[in-house]
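Taken one at a time, structure 1 and structure 2 that follow are two forms of one protein chain, written as C-alpha coordinates.
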Structure 1
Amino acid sequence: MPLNIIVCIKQVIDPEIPASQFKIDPGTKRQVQGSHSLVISAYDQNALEVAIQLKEKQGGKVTAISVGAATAATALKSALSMGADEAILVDDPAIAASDQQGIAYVLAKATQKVGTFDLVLTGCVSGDWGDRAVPAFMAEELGIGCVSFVSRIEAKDGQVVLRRVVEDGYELIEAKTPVLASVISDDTNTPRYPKLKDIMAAGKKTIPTWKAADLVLDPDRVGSGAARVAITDVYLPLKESKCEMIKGDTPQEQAANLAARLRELKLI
(Lines of atoms letter the chains of each structure in order from A and count residues from 1; the text may use other names and numbers.)
(Lines give C-alpha, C1' and ligand atoms only; values in the text may rest on other atoms or scores of the structure.)
Protein backbone atom coordinates (compact mmCIF):
# COMPACT_ATOMS: atom_id res chain seq x y z
CA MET A 1 0.00 0.00 0.00
CA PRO A 2 1.36 3.46 -0.84
CA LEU A 3 2.14 5.51 2.24
CA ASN A 4 1.94 9.24 2.76
CA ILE A 5 4.66 9.95 5.33
CA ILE A 6 5.42 13.13 7.25
CA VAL A 7 8.93 13.45 8.69
CA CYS A 8 9.61 16.17 11.25
CA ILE A 9 13.20 17.38 11.19
CA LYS A 10 15.13 19.89 13.24
CA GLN A 11 18.20 21.83 12.22
CA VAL A 12 20.95 21.94 14.86
CA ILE A 13 24.52 23.10 15.11
CA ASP A 14 26.84 20.31 14.01
CA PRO A 15 27.38 18.23 17.19
CA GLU A 16 30.82 17.17 15.90
CA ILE A 17 32.37 20.56 16.60
CA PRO A 18 35.23 20.51 19.14
CA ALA A 19 34.10 20.97 22.73
CA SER A 20 36.39 24.01 23.00
CA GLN A 21 34.25 25.80 20.39
CA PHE A 22 30.95 25.13 22.15
CA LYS A 23 29.65 28.38 23.64
CA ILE A 24 26.42 29.48 25.36
CA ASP A 25 24.87 32.94 24.99
CA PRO A 26 24.13 33.98 28.61
CA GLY A 27 21.23 36.16 27.46
CA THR A 28 19.30 33.76 25.27
CA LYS A 29 20.65 30.62 27.01
CA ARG A 30 21.18 29.11 23.57
CA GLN A 31 24.21 27.67 21.86
CA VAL A 32 26.07 30.26 19.83
CA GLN A 33 26.13 29.33 16.16
CA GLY A 34 28.95 31.56 15.04
CA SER A 35 30.50 30.10 11.90
CA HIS A 36 29.56 26.52 12.74
CA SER A 37 27.69 24.52 10.12
CA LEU A 38 24.08 23.47 10.60
CA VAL A 39 22.88 19.91 10.07
CA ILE A 40 19.77 17.79 10.46
CA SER A 41 19.50 16.38 13.98
CA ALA A 42 20.99 12.87 13.89
CA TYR A 43 17.94 10.81 14.84
CA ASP A 44 15.79 12.89 12.49
CA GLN A 45 18.07 11.70 9.70
CA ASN A 46 17.37 8.11 10.76
CA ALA A 47 13.63 8.84 10.65
CA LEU A 48 14.02 10.31 7.18
CA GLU A 49 15.90 7.23 5.99
CA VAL A 50 13.14 4.95 7.32
CA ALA A 51 10.55 7.03 5.45
CA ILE A 52 12.46 6.94 2.17
CA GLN A 53 12.98 3.18 2.40
CA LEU A 54 9.26 2.68 2.97
CA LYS A 55 8.47 4.86 -0.04
CA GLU A 56 10.87 2.84 -2.20
CA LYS A 57 9.18 -0.40 -1.16
CA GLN A 58 5.54 0.67 -0.98
CA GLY A 59 5.28 3.80 -3.08
CA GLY A 60 3.76 6.97 -1.74
CA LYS A 61 5.12 10.34 -0.72
CA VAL A 62 7.51 11.76 1.87
CA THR A 63 7.06 15.30 3.15
CA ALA A 64 9.64 16.89 5.45
CA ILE A 65 8.52 19.60 7.87
CA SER A 66 10.70 21.82 10.02
CA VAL A 67 9.89 24.57 12.51
CA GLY A 68 12.70 27.08 12.70
CA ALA A 69 14.38 30.13 11.27
CA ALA A 70 14.93 30.77 7.57
CA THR A 71 18.25 28.94 7.79
CA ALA A 72 16.34 25.67 8.36
CA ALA A 73 15.60 25.68 4.63
CA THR A 74 19.12 24.28 4.23
CA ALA A 75 18.19 21.21 6.28
CA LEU A 76 15.00 20.79 4.29
CA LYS A 77 16.93 20.88 1.03
CA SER A 78 19.19 18.17 2.44
CA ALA A 79 16.06 16.14 3.09
CA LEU A 80 14.98 16.67 -0.51
CA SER A 81 18.38 15.56 -1.77
CA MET A 82 18.08 12.35 0.25
CA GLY A 83 14.74 11.50 -1.32
CA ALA A 84 11.92 13.48 0.29
CA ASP A 85 9.31 14.63 -2.25
CA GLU A 86 8.30 17.88 -0.60
CA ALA A 87 9.59 20.11 2.19
CA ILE A 88 7.85 22.79 4.24
CA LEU A 89 9.29 25.36 6.62
CA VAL A 90 7.23 26.91 9.43
CA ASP A 91 8.86 30.21 10.38
CA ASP A 92 7.14 32.96 12.33
CA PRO A 93 8.33 35.24 15.17
CA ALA A 94 5.13 34.35 17.03
CA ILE A 95 6.40 30.78 17.37
CA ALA A 96 9.84 31.70 18.68
CA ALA A 97 10.61 30.56 22.24
CA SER A 98 7.80 27.99 22.22
CA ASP A 99 8.36 25.04 24.54
CA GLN A 100 7.97 21.36 23.64
CA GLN A 101 4.18 21.47 23.78
CA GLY A 102 4.09 24.59 21.65
CA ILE A 103 6.36 23.09 18.98
CA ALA A 104 4.33 19.85 18.99
CA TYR A 105 1.17 21.91 18.48
CA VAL A 106 2.72 23.76 15.52
CA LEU A 107 3.99 20.55 13.92
CA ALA A 108 0.59 18.92 14.34
CA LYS A 109 -1.18 21.84 12.68
CA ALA A 110 1.34 21.80 9.82
CA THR A 111 0.86 18.05 9.40
CA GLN A 112 -2.91 18.49 9.21
CA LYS A 113 -2.49 21.25 6.63
CA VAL A 114 -0.42 18.93 4.43
CA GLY A 115 -3.45 16.64 4.17
CA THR A 116 -4.02 12.91 4.50
CA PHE A 117 -1.14 11.01 6.07
CA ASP A 118 -0.43 7.46 7.16
CA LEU A 119 2.75 7.87 9.18
CA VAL A 120 4.42 10.66 11.10
CA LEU A 121 8.07 10.03 11.91
CA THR A 122 10.36 11.97 14.21
CA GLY A 123 13.72 11.37 15.80
CA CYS A 124 13.59 9.75 19.23
CA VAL A 125 15.48 12.65 20.81
CA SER A 126 16.51 16.13 19.66
CA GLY A 127 20.18 16.63 18.86
CA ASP A 128 20.57 19.88 20.79
CA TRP A 129 18.45 19.84 23.95
CA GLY A 130 18.14 16.06 24.25
CA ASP A 131 14.36 16.46 24.38
CA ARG A 132 12.09 13.42 23.95
CA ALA A 133 8.71 14.96 24.67
CA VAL A 134 7.66 16.43 21.30
CA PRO A 135 6.64 13.12 19.60
CA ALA A 136 4.20 12.18 22.37
CA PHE A 137 2.76 15.69 22.58
CA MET A 138 2.37 15.79 18.81
CA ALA A 139 0.57 12.43 18.70
CA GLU A 140 -1.81 13.72 21.36
CA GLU A 141 -2.50 16.83 19.28
CA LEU A 142 -3.22 14.67 16.21
CA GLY A 143 -5.30 12.18 18.17
CA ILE A 144 -3.27 9.18 16.98
CA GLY A 145 -1.18 6.47 18.60
CA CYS A 146 2.51 6.95 19.39
CA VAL A 147 5.22 4.27 19.41
CA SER A 148 8.63 5.35 20.71
CA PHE A 149 12.17 4.09 20.06
CA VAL A 150 11.34 2.41 16.76
CA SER A 151 14.24 1.07 14.70
CA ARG A 152 12.40 -0.48 11.72
CA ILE A 153 8.97 -0.23 10.11
CA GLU A 154 7.29 -2.54 7.59
CA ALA A 155 3.91 -2.23 5.88
CA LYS A 156 1.81 -5.38 6.15
CA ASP A 157 -1.82 -6.19 5.36
CA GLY A 158 -3.02 -2.60 5.56
CA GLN A 159 -1.12 -1.97 8.80
CA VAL A 160 2.42 -1.18 9.83
CA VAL A 161 4.66 -3.36 11.96
CA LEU A 162 7.03 -1.37 14.13
CA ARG A 163 10.13 -2.85 15.73
CA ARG A 164 10.46 -1.13 19.10
CA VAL A 165 13.73 -1.35 21.00
CA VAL A 166 13.34 -2.26 24.68
CA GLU A 167 15.86 -2.85 27.46
CA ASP A 168 16.34 -6.56 26.84
CA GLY A 169 15.77 -6.74 23.08
CA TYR A 170 12.87 -5.59 20.94
CA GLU A 171 9.15 -6.03 20.48
CA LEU A 172 7.01 -6.00 17.35
CA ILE A 173 3.95 -3.77 17.41
CA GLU A 174 1.20 -3.92 14.79
CA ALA A 175 -0.58 -0.60 14.42
CA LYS A 176 -3.33 0.78 12.27
CA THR A 177 -2.53 3.95 10.43
CA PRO A 178 -2.27 6.82 10.98
CA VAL A 179 0.33 6.43 13.70
CA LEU A 180 3.35 8.41 14.91
CA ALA A 181 6.71 6.80 15.61
CA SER A 182 9.89 8.24 17.09
CA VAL A 183 12.90 6.59 15.46
CA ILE A 184 16.17 5.41 16.97
CA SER A 185 19.35 4.61 15.04
CA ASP A 186 19.81 1.09 13.66
CA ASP A 187 22.12 -0.58 11.17
CA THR A 188 19.21 -0.68 8.72
CA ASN A 189 18.43 3.04 8.83
CA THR A 190 21.86 4.63 8.47
CA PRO A 191 21.23 7.86 6.51
CA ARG A 192 22.22 7.60 2.87
CA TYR A 193 24.61 9.98 1.15
CA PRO A 194 22.72 11.90 -1.54
CA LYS A 195 24.04 11.91 -5.08
CA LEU A 196 25.49 15.08 -6.56
CA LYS A 197 22.68 15.41 -9.10
CA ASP A 198 20.09 15.12 -6.30
CA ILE A 199 21.91 17.77 -4.25
CA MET A 200 21.92 20.11 -7.22
CA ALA A 201 18.26 19.44 -7.99
CA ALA A 202 17.27 20.06 -4.36
CA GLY A 203 19.27 23.30 -4.32
CA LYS A 204 17.11 24.70 -7.12
CA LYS A 205 13.83 24.01 -5.34
CA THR A 206 11.95 26.69 -3.46
CA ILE A 207 10.92 25.77 0.07
CA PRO A 208 7.45 27.12 0.91
CA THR A 209 7.27 28.95 4.23
CA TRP A 210 4.13 28.83 6.33
CA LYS A 211 3.30 31.46 8.91
CA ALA A 212 1.20 31.26 12.05
CA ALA A 213 -1.74 32.69 10.12
CA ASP A 214 -1.46 29.97 7.46
CA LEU A 215 -1.86 27.33 10.18
CA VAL A 216 -4.57 29.25 12.05
CA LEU A 217 -2.58 28.88 15.27
CA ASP A 218 -4.05 29.79 18.62
CA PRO A 219 -1.73 32.61 19.82
CA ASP A 220 -2.23 31.52 23.41
CA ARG A 221 -0.57 28.18 22.68
CA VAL A 222 2.72 29.33 21.15
CA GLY A 223 5.57 31.63 22.04
CA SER A 224 7.28 32.37 25.32
CA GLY A 225 4.01 33.43 26.96
CA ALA A 226 2.53 29.97 26.49
CA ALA A 227 5.62 28.06 27.58
CA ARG A 228 5.10 25.81 30.58
CA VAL A 229 8.79 25.00 30.83
CA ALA A 230 11.20 27.78 31.79
CA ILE A 231 14.94 27.48 31.15
CA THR A 232 16.53 29.11 34.18
CA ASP A 233 20.15 28.45 33.35
CA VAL A 234 22.36 26.71 30.80
CA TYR A 235 26.07 26.34 31.37
CA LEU A 236 29.09 24.34 30.32
CA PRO A 237 30.25 21.92 33.00
CA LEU A 238 33.75 22.54 34.24
CA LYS A 239 36.01 19.54 33.86
CA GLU A 240 39.14 19.50 35.94
CA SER A 241 41.86 16.89 35.77
CA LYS A 242 45.15 16.43 37.53
CA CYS A 243 47.95 13.93 37.44
CA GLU A 244 49.50 12.40 40.51
CA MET A 245 52.77 10.50 40.21
CA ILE A 246 53.10 7.35 42.27
CA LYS A 247 56.66 6.90 43.53
CA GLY A 248 58.56 3.73 44.28
CA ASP A 249 62.03 2.30 43.77
CA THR A 250 60.73 -0.90 42.16
CA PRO A 251 57.65 -1.82 40.13
CA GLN A 252 56.38 -3.86 43.08
CA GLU A 253 56.73 -0.87 45.42
CA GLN A 254 55.01 1.40 42.91
CA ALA A 255 52.14 -1.07 42.61
CA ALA A 256 51.78 -1.27 46.38
CA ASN A 257 51.83 2.53 46.70
CA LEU A 258 49.25 2.82 43.92
CA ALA A 259 46.93 0.35 45.65
CA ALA A 260 47.34 2.21 48.94
CA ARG A 261 46.53 5.52 47.29
CA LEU A 262 43.43 4.12 45.56
CA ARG A 263 42.21 2.72 48.90
CA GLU A 264 42.81 6.12 50.48
CA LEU A 265 40.64 7.71 47.80
CA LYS A 266 38.05 4.94 48.31
CA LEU A 267 38.30 3.91 44.67
CA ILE A 268 38.97 0.28 45.55
Structure 2
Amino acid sequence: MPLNIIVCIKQVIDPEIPASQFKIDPGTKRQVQGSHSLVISAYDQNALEVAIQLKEKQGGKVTAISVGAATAATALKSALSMGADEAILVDDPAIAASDQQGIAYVLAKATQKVGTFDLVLTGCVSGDWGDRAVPAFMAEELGIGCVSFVSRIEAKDGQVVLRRVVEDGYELIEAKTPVLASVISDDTNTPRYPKLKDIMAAGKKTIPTWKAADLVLDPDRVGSGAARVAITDVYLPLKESKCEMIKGDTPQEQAANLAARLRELKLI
Protein backbone atom coordinates (compact mmCIF):
# COMPACT_ATOMS: atom_id res chain seq x y z
CA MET A 1 0.00 0.00 0.00
CA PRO A 2 1.65 3.25 -1.13
CA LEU A 3 1.70 5.92 1.56
CA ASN A 4 1.41 9.66 1.28
CA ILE A 5 3.50 11.03 4.10
CA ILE A 6 3.82 14.61 5.32
CA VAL A 7 6.92 15.40 7.39
CA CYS A 8 7.07 18.64 9.39
CA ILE A 9 10.51 20.15 9.41
CA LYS A 10 11.61 23.02 11.58
CA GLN A 11 14.82 24.88 10.91
CA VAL A 12 16.73 25.83 14.07
CA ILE A 13 20.08 27.26 15.04
CA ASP A 14 22.38 24.29 15.72
CA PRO A 15 21.09 23.10 19.12
CA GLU A 16 24.32 21.26 19.93
CA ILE A 17 26.54 24.33 20.29
CA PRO A 18 28.10 24.57 23.75
CA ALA A 19 26.25 26.58 26.37
CA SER A 20 29.19 29.00 26.52
CA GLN A 21 28.44 30.13 22.95
CA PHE A 22 24.73 30.59 23.46
CA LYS A 23 23.38 34.14 23.50
CA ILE A 24 19.97 35.73 23.84
CA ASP A 25 19.15 39.04 22.19
CA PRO A 26 17.94 41.23 25.06
CA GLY A 27 15.49 43.03 22.75
CA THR A 28 13.79 40.19 20.91
CA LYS A 29 14.35 37.60 23.65
CA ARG A 30 15.41 35.16 20.95
CA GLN A 31 18.64 33.32 20.38
CA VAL A 32 21.31 35.23 18.46
CA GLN A 33 22.45 33.17 15.50
CA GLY A 34 25.94 34.63 15.30
CA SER A 35 28.21 32.36 13.29
CA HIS A 36 26.25 29.21 14.13
CA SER A 37 24.69 27.20 11.35
CA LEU A 38 21.01 26.60 10.72
CA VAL A 39 20.05 22.92 10.72
CA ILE A 40 16.99 20.68 10.54
CA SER A 41 15.81 20.23 14.12
CA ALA A 42 17.30 16.95 15.37
CA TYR A 43 14.25 14.70 15.68
CA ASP A 44 12.72 16.01 12.45
CA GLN A 45 15.60 14.25 10.70
CA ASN A 46 14.60 11.01 12.41
CA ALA A 47 11.00 11.61 11.32
CA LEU A 48 12.20 12.12 7.78
CA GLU A 49 14.25 8.92 7.94
CA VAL A 50 11.21 6.94 9.13
CA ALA A 51 9.17 8.43 6.27
CA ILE A 52 11.77 7.61 3.63
CA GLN A 53 12.21 4.04 4.88
CA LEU A 54 8.43 3.54 4.74
CA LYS A 55 8.33 4.91 1.22
CA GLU A 56 11.17 2.64 0.15
CA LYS A 57 9.25 -0.35 1.45
CA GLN A 58 5.69 0.54 0.52
CA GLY A 59 5.98 3.11 -2.24
CA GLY A 60 4.25 6.46 -2.02
CA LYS A 61 5.34 10.01 -1.61
CA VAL A 62 7.04 12.09 1.06
CA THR A 63 6.28 15.81 1.32
CA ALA A 64 8.27 17.99 3.70
CA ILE A 65 6.62 21.13 5.06
CA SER A 66 8.27 23.90 7.01
CA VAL A 67 6.82 27.07 8.50
CA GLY A 68 9.62 29.55 8.75
CA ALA A 69 11.70 32.24 7.17
CA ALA A 70 13.14 32.14 3.64
CA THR A 71 16.27 30.49 5.07
CA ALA A 72 14.20 27.38 5.85
CA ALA A 73 14.35 26.58 2.13
CA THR A 74 17.86 25.25 2.86
CA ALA A 75 16.46 22.80 5.41
CA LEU A 76 13.88 21.71 2.88
CA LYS A 77 16.62 21.22 0.26
CA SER A 78 18.39 18.85 2.67
CA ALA A 79 15.09 17.03 3.18
CA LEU A 80 14.81 16.63 -0.60
CA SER A 81 18.38 15.37 -0.83
CA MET A 82 17.67 12.79 1.89
CA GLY A 83 14.77 11.48 -0.18
CA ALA A 84 11.67 13.63 0.23
CA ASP A 85 9.81 13.98 -3.08
CA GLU A 86 8.44 17.45 -2.57
CA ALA A 87 8.89 20.30 -0.16
CA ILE A 88 6.77 23.30 0.74
CA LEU A 89 7.77 26.40 2.60
CA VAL A 90 5.15 28.47 4.40
CA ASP A 91 6.61 31.91 4.89
CA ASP A 92 4.55 34.98 5.65
CA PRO A 93 5.19 37.90 8.03
CA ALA A 94 1.61 37.54 9.26
CA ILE A 95 2.44 34.14 10.79
CA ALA A 96 6.09 34.63 11.68
CA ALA A 97 5.52 35.48 15.33
CA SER A 98 2.88 32.82 15.99
CA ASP A 99 3.16 30.63 19.05
CA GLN A 100 3.12 26.81 18.86
CA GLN A 101 -0.68 26.68 18.65
CA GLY A 102 -0.58 29.10 15.74
CA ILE A 103 2.20 27.18 13.98
CA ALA A 104 0.32 23.90 14.40
CA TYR A 105 -2.79 25.50 12.92
CA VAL A 106 -0.79 26.71 9.90
CA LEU A 107 0.88 23.28 9.50
CA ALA A 108 -2.55 21.63 9.59
CA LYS A 109 -3.88 24.00 6.94
CA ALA A 110 -0.84 23.40 4.74
CA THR A 111 -1.21 19.63 5.16
CA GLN A 112 -4.84 19.85 4.07
CA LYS A 113 -3.83 21.89 1.06
CA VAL A 114 -1.33 19.22 0.02
CA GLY A 115 -4.34 16.93 -0.27
CA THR A 116 -4.57 13.27 0.61
CA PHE A 117 -2.25 12.02 3.29
CA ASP A 118 -1.96 8.80 5.25
CA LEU A 119 0.66 9.76 7.76
CA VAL A 120 1.87 13.02 9.28
CA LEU A 121 5.26 12.75 10.97
CA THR A 122 6.93 15.35 13.18
CA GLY A 123 9.87 15.39 15.53
CA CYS A 124 9.00 14.65 19.16
CA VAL A 125 10.48 17.93 20.35
CA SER A 126 11.95 20.94 18.58
CA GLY A 127 15.61 21.73 19.12
CA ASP A 128 15.05 25.34 20.12
CA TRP A 129 11.82 26.19 21.89
CA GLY A 130 11.02 22.55 22.63
CA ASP A 131 7.37 22.46 23.70
CA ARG A 132 6.63 18.95 22.30
CA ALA A 133 3.20 20.37 21.68
CA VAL A 134 2.98 21.15 17.97
CA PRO A 135 2.30 17.49 17.02
CA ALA A 136 -0.66 17.08 19.39
CA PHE A 137 -2.07 20.53 18.50
CA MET A 138 -1.77 19.66 14.84
CA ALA A 139 -3.50 16.27 15.18
CA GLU A 140 -6.39 18.01 16.95
CA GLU A 141 -6.64 20.59 14.17
CA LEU A 142 -6.70 17.82 11.58
CA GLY A 143 -9.11 15.74 13.64
CA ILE A 144 -6.91 12.67 13.33
CA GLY A 145 -5.36 10.26 15.81
CA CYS A 146 -2.11 11.14 17.51
CA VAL A 147 0.66 8.93 18.83
CA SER A 148 3.66 10.59 20.48
CA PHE A 149 7.26 9.43 20.96
CA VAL A 150 7.19 6.83 18.18
CA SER A 151 10.46 5.15 17.21
CA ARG A 152 9.26 2.68 14.55
CA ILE A 153 6.29 2.36 12.20
CA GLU A 154 5.07 -0.59 10.16
CA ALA A 155 2.30 -0.26 7.64
CA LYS A 156 -0.11 -2.81 6.26
CA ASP A 157 -3.55 -2.57 4.57
CA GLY A 158 -4.74 0.83 5.73
CA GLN A 159 -3.44 0.22 9.25
CA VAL A 160 -0.19 1.19 10.84
CA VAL A 161 1.47 -0.23 13.90
CA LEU A 162 3.51 2.27 15.87
CA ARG A 163 6.06 1.62 18.58
CA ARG A 164 5.56 4.26 21.27
CA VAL A 165 8.43 4.62 23.71
CA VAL A 166 7.19 5.05 27.28
CA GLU A 167 8.95 5.34 30.63
CA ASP A 168 9.19 1.62 31.32
CA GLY A 169 9.35 0.12 27.85
CA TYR A 170 7.19 0.55 24.79
CA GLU A 171 3.67 0.09 23.50
CA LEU A 172 2.63 -1.27 20.13
CA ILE A 173 -0.26 0.84 18.93
CA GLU A 174 -2.50 0.13 16.00
CA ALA A 175 -4.00 3.08 14.17
CA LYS A 176 -6.13 3.63 11.13
CA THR A 177 -4.72 6.10 8.67
CA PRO A 178 -4.59 9.05 8.56
CA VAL A 179 -2.70 9.36 11.79
CA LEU A 180 -0.04 11.69 13.16
CA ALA A 181 3.05 10.42 14.93
CA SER A 182 5.82 12.37 16.64
CA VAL A 183 9.12 10.59 16.20
CA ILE A 184 11.80 9.84 18.79
CA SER A 185 15.23 8.55 17.81
CA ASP A 186 16.47 4.98 18.10
CA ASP A 187 19.04 2.85 16.29
CA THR A 188 16.67 2.12 13.38
CA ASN A 189 16.00 5.71 12.34
CA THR A 190 19.44 7.33 12.33
CA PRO A 191 19.22 9.96 9.59
CA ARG A 192 21.05 8.98 6.38
CA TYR A 193 23.71 11.10 4.74
CA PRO A 194 22.54 12.21 1.31
CA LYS A 195 24.64 11.19 -1.70
CA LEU A 196 26.31 13.88 -3.77
CA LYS A 197 24.09 13.17 -6.77
CA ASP A 198 20.98 13.54 -4.62
CA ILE A 199 22.25 16.84 -3.27
CA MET A 200 22.73 18.02 -6.86
CA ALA A 201 19.26 16.84 -7.87
CA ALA A 202 17.66 18.49 -4.85
CA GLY A 203 19.41 21.74 -5.73
CA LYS A 204 17.52 21.81 -9.02
CA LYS A 205 14.07 21.28 -7.53
CA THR A 206 11.87 24.28 -6.87
CA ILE A 207 10.27 24.75 -3.50
CA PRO A 208 6.93 26.51 -3.63
CA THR A 209 6.35 29.19 -1.01
CA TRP A 210 2.85 29.47 0.36
CA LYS A 211 1.53 32.63 1.95
CA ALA A 212 -1.18 33.12 4.53
CA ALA A 213 -3.61 33.94 1.71
CA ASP A 214 -2.90 30.60 0.00
CA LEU A 215 -4.01 28.79 3.13
CA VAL A 216 -7.11 30.89 3.88
CA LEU A 217 -6.11 31.38 7.49
CA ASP A 218 -8.20 32.89 10.24
CA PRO A 219 -6.13 36.01 11.04
CA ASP A 220 -7.16 35.82 14.69
CA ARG A 221 -5.34 32.52 15.08
CA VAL A 222 -1.88 33.52 13.88
CA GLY A 223 0.75 36.10 14.78
CA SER A 224 1.94 37.17 18.21
CA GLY A 225 -1.46 38.68 19.05
CA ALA A 226 -3.07 35.24 18.94
CA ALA A 227 -0.81 33.79 21.64
CA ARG A 228 -2.70 33.11 24.86
CA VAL A 229 0.50 32.98 26.89
CA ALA A 230 3.08 35.78 26.71
CA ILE A 231 6.79 35.08 26.89
CA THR A 232 7.87 37.92 29.16
CA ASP A 233 11.50 37.01 29.67
CA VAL A 234 14.21 34.66 28.43
CA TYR A 235 17.46 34.60 30.36
CA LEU A 236 20.51 32.45 30.93
CA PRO A 237 20.53 30.44 34.12
CA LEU A 238 23.33 31.21 36.53
CA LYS A 239 25.58 28.21 36.91
CA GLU A 240 28.31 28.23 39.47
CA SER A 241 31.09 25.76 38.80
CA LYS A 242 33.20 24.53 41.61
CA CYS A 243 34.20 21.05 40.68
CA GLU A 244 36.51 19.31 43.11
CA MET A 245 39.01 17.28 41.11
CA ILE A 246 39.89 13.87 42.55
CA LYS A 247 43.62 13.24 42.57
CA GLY A 248 45.55 10.08 41.87
CA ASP A 249 48.39 8.92 39.65
CA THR A 250 46.69 5.76 38.52
CA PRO A 251 43.03 4.91 37.87
CA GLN A 252 43.30 2.71 40.95
CA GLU A 253 44.29 5.63 43.15
CA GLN A 254 41.69 7.88 41.57
CA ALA A 255 38.98 5.28 42.13
CA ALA A 256 40.04 4.68 45.73
CA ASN A 257 40.07 8.42 46.44
CA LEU A 258 36.71 8.88 44.78
CA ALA A 259 35.17 6.01 46.71
CA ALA A 260 36.57 7.40 49.96
CA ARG A 261 35.24 10.87 49.18
CA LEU A 262 31.79 9.49 48.31
CA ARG A 263 31.83 7.53 51.54
CA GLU A 264 32.79 10.65 53.45
CA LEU A 265 29.84 12.49 51.89
CA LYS A 266 27.64 9.51 52.90
CA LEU A 267 26.67 9.00 49.27
CA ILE A 268 27.60 5.32 49.13
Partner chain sequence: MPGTLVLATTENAGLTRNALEVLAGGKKLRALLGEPVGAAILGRELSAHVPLLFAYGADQVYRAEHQLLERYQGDAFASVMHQICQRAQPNMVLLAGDSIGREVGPRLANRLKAGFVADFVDFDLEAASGRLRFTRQTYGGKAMAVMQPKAFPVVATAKLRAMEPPTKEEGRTGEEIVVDVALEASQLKTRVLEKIQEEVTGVKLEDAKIVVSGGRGVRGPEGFKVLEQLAQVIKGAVGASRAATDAGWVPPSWQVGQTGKSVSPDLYLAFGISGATQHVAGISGAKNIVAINTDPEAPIYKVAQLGVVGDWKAVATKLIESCKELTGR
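Reference numbering: structure 1, starting with residue 1. Basically, rigid core = biggest C-alpha set you can superpose within 1.5 Å across the two forms. Not measured: the values here are computed from a predicted model.
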message: Does the form predicted alone correspond to structure 1 or to structure 2?
response: 1
- prompt: Looking at how the chain moves between the two structures, which of 241, 157, 196, 187 is the hinge point between its two rigid parts?
  reply: 241
field: Degrees turned by the smaller rigid part between the two structures
entry: 41
message: So with the rigid core superposed, the C-alpha of residue 261 shifts by how many Å between the two structures?
response: 9.6
message: Core-aligned, what does the C-alpha of residue 18 shift between the two structures, expressed in angstrom?
response: 3.2
